[in-house]
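Below you will find one chain, with nothing else, as structure tokens; this is the form predicted on its own, and questions on how it binds or moves follow later.
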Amino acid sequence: MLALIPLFIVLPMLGAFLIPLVEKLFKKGSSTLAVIIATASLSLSIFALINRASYPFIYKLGGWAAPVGINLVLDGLSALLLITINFIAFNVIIFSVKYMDKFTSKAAFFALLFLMLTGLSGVVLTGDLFNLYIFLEIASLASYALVAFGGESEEFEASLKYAFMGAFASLTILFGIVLLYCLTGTLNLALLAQIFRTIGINSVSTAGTPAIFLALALFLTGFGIKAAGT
């Protein structure tokens, strides 16, 4: 299972880049490839849930350990979220095979959808705040385009409003990340949890704690706006 963890991100990323190319070679190739990738991702999520007795799985990209390296962490919560994301995506793609025929580019829709799934899977699996921010922005950018995909004026207006809200939320989250890094010297989520326990996050008299509360308030505001926009 450990070696399969990157596939949760790699599979939809491949779909996002390969589907437009396949569509140029085979007229109905985009739908077939989209269904195959969605089925593989859902099957992988089910397999991850079956192997829950061995949680957590920590995949170290490039073999580098935290805080230098990037970790992908698969535990009970991330497995539940992954199977939820991929189950919904699978049903959306199955429904879209026929429904998207009335739009000009089914391949573009599938590519954007898989790009959003890449970001969402990364958000669920990443073990540090900075890459969580990066994956969240990937998902957000794809969702902006999906909102406007129909090409109607109302959809463009909604997408523009969503993008402005998302940009403000992204800046808020980024300020929180910078502040938290200045205070703790790390963005690894596991190390941050240890630091919070060590300094006594519930004690406002502890040095640095008010600033940490400010960072948490920035996160609450930014992620709250992101959630409201979706």
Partner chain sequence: MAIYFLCFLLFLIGLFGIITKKNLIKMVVSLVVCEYALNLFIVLVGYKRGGEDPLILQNMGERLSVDPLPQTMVLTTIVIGLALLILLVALCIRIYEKYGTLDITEIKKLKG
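This structure is a prediction, so every number in the text was calculated from the model and none was measured. Numbering follows the first chain given and starts at 1.
What comes next is about the form predicted together with its partner chain, which does not appear here.
At 4.5 Å between heavy atoms, only one of the stretches 189-197, 28-36, 44-52, 171-179 reaches its partner chain in the model of the complex; which one is it?
Heavy atoms within 4.5 Å of its partner chain in the model of the complex occur in 171-179.
Answer with yes or no whether residue 101 is in contact with its partner chain in the model of the complex, where contact means some heavy atom within 4.5 Å.
Contact with its partner chain, no.
Is there any non-hydrogen atom of residue 130 lying within 4.5 Å of its partner chain in the model of the complex?
Yes, residue 130 lies within 4.5 Å of its partner chain in the model of the complex.
Against its partner chain in the model of the complex, would residue 160 count as a contact residue? Criterion: heavy atoms within 4.5 Å.
Within the cut-off, so yes.
Please run the contact check for residue 134 against its partner chain in the model of the complex: heavy atoms, 4.5 angstroms, yes or no?
Heavy-atom contact with its partner chain at 4.5 Å: present for residue 134.
Just give me the single entry in 123, 108, 83, 141 that has a non-hydrogen atom within 4.5 angstroms of its partner chain in the model of the complex.
It is 141.
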